[in-house]
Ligand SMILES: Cc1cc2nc3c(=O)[nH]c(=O)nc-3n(C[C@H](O)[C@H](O)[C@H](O)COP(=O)(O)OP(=O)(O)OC[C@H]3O[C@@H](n4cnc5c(N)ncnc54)[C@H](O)[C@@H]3O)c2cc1C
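Below you will find one chain, with nothing else, as structure tokens; this is the form predicted alone, and questions on how it binds or moves follow later.
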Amino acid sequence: MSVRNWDDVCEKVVVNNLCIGCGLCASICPHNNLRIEFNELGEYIALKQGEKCPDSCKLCLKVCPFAAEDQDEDTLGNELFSNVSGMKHTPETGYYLDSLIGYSTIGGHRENGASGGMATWMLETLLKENMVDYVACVSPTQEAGRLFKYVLVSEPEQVRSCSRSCYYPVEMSEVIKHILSNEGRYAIIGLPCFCKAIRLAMQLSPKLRGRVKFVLGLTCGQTKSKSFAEYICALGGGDPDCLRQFTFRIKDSGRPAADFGMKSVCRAGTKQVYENVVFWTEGIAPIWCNRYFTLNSCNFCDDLFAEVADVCFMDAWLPEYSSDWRGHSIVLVRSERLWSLFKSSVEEGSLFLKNSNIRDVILSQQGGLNIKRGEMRERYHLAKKAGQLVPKKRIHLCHSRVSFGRKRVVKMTWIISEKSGKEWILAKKQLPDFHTRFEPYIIHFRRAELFDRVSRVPKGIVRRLRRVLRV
């Protein structure tokens, strides 16, 4: 990044639209000069609330996953895991001790959790086995304007209410402040960028380093603003201004695992006025895949597999598993203690797990990898061309070339992620008005997709001819 002597995350990260809203900066600031709040687009950002920070501090910059320049997932992972016996490594996944696929056999975990219910099982088991006193996880709330938040849970039964995925902004400042002020043994589960921020903070804080016993990760393709849930609510016929509850992973026995639903509940006062479920194939897919309501910082993330977490959980998006509506989980294990826990639980019968080839693990998340690393260089180019600041990331891991046709698609998804949130607000969250305002962008996107497909035809013909000639 620039050689400018930045003072804090607000001047370097927030102003340049790179804040992911994790909250670590606000929780670790020794001067209590920062807070985390929603901006007008429904994104969490850091804001100043005190006097100007002293030049000698800069702790907030040192723990920010999009500002820290001295440490990346490679250096952090090397320090954490490289000396563990039997540890392996790939450029895509980072370090891993073992890769497993399966599900929890405990009633309710698989049916009510994301994929195979493995993350729910893990959090419950850490508490049951007295390996931690508290787990920090994301829970739905009854608060208007904030549907999910991080909470600290101390009883295994409480974990069930925190099941399923959450494609909604959350931040950790409150729970991290609690950990810093209260002794105990803690586990924290989060997205890759959150895990990185936690590890960076643990390096600087002996209290965090001593109290956080496990960092658990979830694969992540992108983070959405509040507008994503509001849009899905409107797509199902609800009023986003009355949205009070949202469930992101509804499983249906008549649909494959990938065609999950999202349920919105709208209320006016205490009276329920609307409830509906919209499934992936009913309009969610293009909104997700074309990067509507995606935070700008996600354009510069190169970590899909939560490389600094002790274990990473993900969906088994593989043909042999995707037809099972109940879901399967893939687990990358990096902790010897957790690997032993998985092994003993399989023997006891609370888990069904088998080894999975690491290439299959990578293949299961290939779509996310193509977006994160396959198109990263092109997004860097677009940002620099627009005069935008870009974070220091592992660009050497990203593909060196993007086809001419694909460049046009990347440019349009870049524009869609930038404009969709603004147009949603300007349309006052009214779906017909939003579609009308956004139609020009969609026309350009479809033209880019068509051009990309057509430009691939000659290459396909050449490949087929070569195969025929070999025969």
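Because the structure is predicted, anything quoted here is derived from the model rather than measured. The first residue of the sequence shown is number 1, and the count goes up from there.
Only in words, not in the display: the form predicted together with the named molecule, which the text now covers.
(request) Indicate whether the candidate residues 114, 167 and 314 are all in contact with the named molecule in the predicted bound form, with contact defined as any heavy atom within 4.5 Å. (result) Each of the three qualifies.
(request) May I ask you to choose, among 391, 221, 77, 238, the residue with a heavy atom within 4.5 Å of the named molecule in the predicted bound form? (result) Flagged contact: 221.
(message) Within 4.5 Å, heavy atoms only, which of 232, 198, 295, 123 is in contact with the named molecule in the predicted bound form?
(response) Of 232, 198, 295, 123, the residue with a heavy atom within 4.5 Å of the named molecule in the predicted bound form is 123.
(request) Given that the partner is absent here, state which listed stretch (179-187, 343-351, 90-98, 133-141) has heavy atoms within 4.5 Å of the named molecule in the predicted bound form. (result) It is the stretch 133-141.
(message) With the partner left out here, check for me: in the predicted bound form, does some heavy atom of residue 244 sit within 4.5 Å of the named molecule?
(response) Because no heavy atom of residue 244 falls inside 4.5 Å of the named molecule in the predicted bound form, the answer is no.
(request) Using the partner position in the predicted bound form, report whether residue 329 sits within 4.5 Å of the named molecule, counting heavy atoms only. (result) Output for residue 329 is yes: heavy atoms within 4.5 Å of the named molecule.
(message) Just checking whether residue 249 would be counted as a contact of the named molecule in the predicted bound form - the rule being heavy atoms within 4.5 angstroms.
(response) Judged by the heavy-atom cut-off of 4.5 Å, residue 249 is in contact with the named molecule in the predicted bound form.
(message) Can you tell me if residue 205 lies within 4.5 angstroms of the named molecule in the predicted bound form, counting non-hydrogen atoms only?
(response) Taking the distances in the predicted bound form, the answer for residue 205 is no, it never comes within 4.5 Å of the named molecule.
(message) With the named molecule taken in the predicted bound form, which residues across 345-370 come within 4.5 angstroms through any non-hydrogen atom?
(response) Contacting residue: only 365.
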